[in-house]
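One chain comes next, on its own, written as structure tokens: the form predicted alone.
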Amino acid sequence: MLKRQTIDSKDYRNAMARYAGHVQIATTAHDGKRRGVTVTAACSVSDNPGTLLVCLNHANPHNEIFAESGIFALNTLMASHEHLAVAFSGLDHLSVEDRFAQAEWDTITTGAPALIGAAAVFDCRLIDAKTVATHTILIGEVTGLRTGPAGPALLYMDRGYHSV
């Protein structure tokens, strides 16, 4: 049996800062409330059926709405959407209404807010949620999909935004 080795969380965060992640906004709606969060921890799980996962910090009690609603959309950002990434990160302390007012939104199949002009929107029905350490992993089956214009992707790396 292998001995469990512990690493320093600060060292881990510094190493992960070197890892480029596509910037996305996870959104949901429930009982007249909307929520959106900037994320880089999201990826495809399967293409048949279309399934993806998103990781959200469960220390923020506002993120509970994702599990309560049973739906979410993953909105893939382009370089021109950097202002939205900043707004939905919470760093500038905008209200929910002010965050969503910075862009045009509609819905596809589930009722979760879908960003008009996103590189892609994956509209999902929540099929599982797992708590692992500091985050909740949302696993969603894609029930609706929209692709937008081609263009430079917005990435986050070395604690800053970049485009490719």
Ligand SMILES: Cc1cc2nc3c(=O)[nH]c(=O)nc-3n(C[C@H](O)[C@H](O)[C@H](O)COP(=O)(O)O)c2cc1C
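All values reported here derive from a predicted model rather than from experimental measurement. Residue indices: 1-based, along the sequence shown.
Absent from the display: the form predicted in complex with this ligand. The rest refers to it.
**Student:** Counting any heavy atom within 4.5 Å as contact, can you tell me which stretch out of 45 to 53, 122 to 130, 60 to 68, 100 to 108 lines this ligand in the model of the complex?
**Tutor:** Stretch 60 to 68 is the one.
**Student:** Does V39 reach this ligand in the model of the complex, with heavy atoms at most 4.5 Å apart?
**Tutor:** Output for V39 is yes: heavy atoms within 4.5 Å of this ligand.
**Student:** Even though this ligand is not shown here, does S89 get within 4.5 Å of it in the model of the complex, heavy atoms only?
**Tutor:** Result yes; S89 sits at the interface with this ligand in the model of the complex.
**Student:** Report yes if any heavy atom of R34 sits within 4.5 Å of a heavy atom of this ligand in the model of the complex; otherwise report no.
**Tutor:** Judged by the heavy-atom cut-off of 4.5 Å, R34 is well away from this ligand in the model of the complex.
**Student:** Can you tell me whether H135 touches this ligand? I mean in the model of the complex, with a 4.5 angstroms heavy atom cut-off.
**Tutor:** So H135 counts as contacting this ligand.
**Student:** At a 4.5 angstroms cut-off on non-hydrogen atoms, which residues of 125 to 164 are near this ligand in the model of the complex? List them in order.
**Tutor:** Read in sequence order, the residues that approach this ligand (within 4.5 Å, in the model of the complex) are H135, Y156, Y161.
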